[in-house]
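The chain below stands alone and is given in structure tokens; this is the form predicted alone.
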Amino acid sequence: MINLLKIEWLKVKNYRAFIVIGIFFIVGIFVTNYIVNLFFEKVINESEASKLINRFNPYTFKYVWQTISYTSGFILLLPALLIIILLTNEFTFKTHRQNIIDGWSRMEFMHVKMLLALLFAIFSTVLVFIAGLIFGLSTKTDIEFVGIAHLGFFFLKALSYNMFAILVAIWIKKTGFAIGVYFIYMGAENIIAQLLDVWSLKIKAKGSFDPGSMGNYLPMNASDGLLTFPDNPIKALTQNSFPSNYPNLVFGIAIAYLILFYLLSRKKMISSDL
């Protein structure tokens, strides 16, 4: 598998899309969090409301791991986009066929792509860890690792996005169409998730039971639901009216969807024509 990864690296290292999207992603991690940090410093903490509640800095080490994992999660679409481009290019230019003729099995071809998706998720998580240290140190608070488990949730979200990208690419194979389907699905699922969350609010308001945020039970929103913004005075004003979070349940659902993405990708790779 190491040799296959070396071949993958030779394919992508000089590929312009890989370089450009990679740079945008790395810069995006820091710019996105800088904007959020600036918003709290210059807008929230300088507002009239801050006189009534305690000032809150989400980038102190008490909160930074949760904050940076949540905020950085919004740009995980970029690595997923890159994976779709890389994989669909294999089908477009028939390089996957040449690899298999050269001795790769179909499963080796698919597994090396999934290993690449795993490495992208690991790199993203390490990058977020470094950003967390930088932003935490900028607040001049003592280094601590309370809440660092949120980096694990970030990794799960990154891997879920990447595995879903592989699934879409293997089933559709055409670059533009696959990208369109991926983003349309993500947008549609978010709309459905919002509707389900409204339904959850109504069910809880009636007092029958608390179903949790049902939008988090959808494929891509499951890993999203594990990442939340830190509790703060502003959030506390409305939190009691929202459905409860069931992180263990949502975590199990997210893992189940990852397995489903793998099985569906495997099924298509085995059965499809070269």
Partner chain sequence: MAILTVNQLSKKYGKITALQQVSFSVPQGSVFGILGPNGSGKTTLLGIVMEVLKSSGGTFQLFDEVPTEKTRQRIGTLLETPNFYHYLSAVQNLKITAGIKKRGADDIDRVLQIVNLTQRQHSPFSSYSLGMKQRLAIAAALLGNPDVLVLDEPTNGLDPVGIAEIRELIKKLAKEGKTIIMASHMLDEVEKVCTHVAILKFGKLITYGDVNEILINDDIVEVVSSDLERLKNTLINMPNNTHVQITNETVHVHFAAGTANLEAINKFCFENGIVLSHLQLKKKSLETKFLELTN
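Nothing here was measured: the structure is a model prediction, and the numbers come from that model. Residue numbers count along the first chain shown, from 1.
Another form, the form predicted in complex with the partner chain, is not on view; read the next lines as being about it.
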Original post:
Do N99 and the partner chain come within 4.5 Å of each other in the predicted bound form, heavy atoms counted?
Top reply: yes
**OP:** Report yes if any heavy atom of F123 sits within 4.5 Å of a heavy atom of the partner chain in the predicted bound form; otherwise report no.
**Re:** no
**OP:** Give a yes or no for F93: in the predicted bound form, does one of its heavy atoms lie within 4.5 Å of a heavy atom belonging to the partner chain?
**Re:** yes
Original post:
Would L10 count as a contact of the partner chain in the predicted bound form, using a 4.5 angstroms cut-off between non-hydrogen atoms?
Top reply: yes
**OP:** Could you spot which one of F129, F155, W104, F183 gets a heavy atom to within 4.5 Å of the partner chain in the predicted bound form?
**Re:** W104
**OP:** Only one of F251, F24, Y262, Y15 comes within 4.5 Å of the partner chain in the predicted bound form by heavy atoms, so just point that one out.
**Re:** Y15
Original post:
the partner chain isn't shown here, but in the predicted bound form, which of 185-193, 130-138, 76-84, 106-114 has heavy atoms within 4.5 Å of it?
Top reply: 106-114
